[in-house]
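This document starts with one chain, in the form predicted on its own, laid out as structure tokens.
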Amino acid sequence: MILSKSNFFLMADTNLKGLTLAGLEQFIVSIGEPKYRAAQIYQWLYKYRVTSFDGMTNLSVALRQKLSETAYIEQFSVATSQTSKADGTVKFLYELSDGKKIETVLIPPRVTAVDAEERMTLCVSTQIGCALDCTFCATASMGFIRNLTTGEILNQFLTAQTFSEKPITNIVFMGMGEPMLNYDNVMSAIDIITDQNGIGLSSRRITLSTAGYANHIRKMADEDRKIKLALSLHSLRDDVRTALMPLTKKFKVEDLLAALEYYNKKTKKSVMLEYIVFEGVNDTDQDVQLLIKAARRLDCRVNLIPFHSIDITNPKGYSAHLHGASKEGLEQIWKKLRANDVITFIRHSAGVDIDAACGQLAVKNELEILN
């Protein structure tokens, strides 16, 4: 039998968490209710963040009963969590409905930050595992399992907020996975997050980081996405970047720089160049000069990042020989860039006393299960 969209909704339990307003309208009409009810449900899900249909008090008892028979509101369970004694960073390992696990990190600001009283950042995942095989990332050792749904992306925020005493004000898509390879679900989640009738965060407080999909960078520009864009760069030499990030075989450094130029011109917004500094790999004078040249070509800032060890994955080959630059080495590069008028920061490493880096807690959990 061929199912229409409407009788598909009727014959299967539908997870409402993750549906856009248009999706909710389609669902609500499919169960024989007036279209305007979708806007009410949408606000209950995302603005008021209820977790059951009983909480939707402006809906009739009959409609709430019908919803409970045809749909559900997906929730997460916290498999485990770690809290840093050093800075209060909290890393959650969520268990999804299919038993798979993902990481989300709640990051308070440094106490010296000018917005320390207001800011609270959440780092979210977009995939279970990752297919890109970056040699410095613990998540890469998991391989790729699947994309997260829009609802699973949103639930990371909604669940973490229940544990945070302060409102979450910023979201960074820098967790497990490559956001550009789950583009539609990620952008749907962002639309709901930034909708004032939804979660209601400002688009200026959301940053998406990509390993370097030039085509999707251009697509973001063409769609006039208002969020911030960051590129995990790590080298401006194709041979070095390919060793670190095999994706460079598909998108060369020049392809990425051209895409960022297009993004600058199309959106009139700057970008962030993320640069993990590896001792003896990408920290030479040549590397610094290439960074300076790129920064003069683009409207951008440079974020120098300390390397988090991935020894827990028992790295082999090239990965086994990667070592982060010293604090002094980072500061020397920072000074050289600043002396050439490049806006540069050294990222503060949050949660250094816990498994806070991308993939560490998920990989550790899998290893414990296997052993």
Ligand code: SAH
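Since this is a predicted model, take the numbers as computed values, not measurements. From 1 onward, residues are counted along the sequence shown.
There is also a form predicted in complex with the named molecule; it is not shown, and the following applies to it.
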Would G18, K100 and I128 all count as contacting the named molecule in the predicted bound form, using a 4.5 Å heavy atom cut-off?
-> no
C137: touches the named molecule in the predicted bound form, heavy atom cutoff 4.5 angstroms | yes
Would you please decide whether F173 lies within 4.5 angstroms of the named molecule in the predicted bound form, comparing each non-hydrogen atom pair?
-> yes
Spell out, yes or no, whether the shortest heavy atom distance between N185 and the named molecule in the predicted bound form is within 4.5 Å.
-> no
P315: heavy atom within 4.5 Å of the named molecule in the predicted bound form?
-> no
Note: the named molecule not shown here; in the predicted bound form, the stretch from 227-235, 101-109, 198-206, 80-88 having heavy atoms within 4.5 Å of it is 227-235
Using heavy atoms only and a 4.5 Å cut-off, determine which of I310, L67, A38, I333 is in contact with the named molecule in the predicted bound form.
-> I310
Looking at A259, I190, A211, I168, which has any heavy atom no more than 4.5 Å from the named molecule in the predicted bound form?
-> A211
Within 287-307, which residues come within 4.5 Å of the named molecule in the predicted bound form, counting heavy atoms only?
-> I305, P306, F307
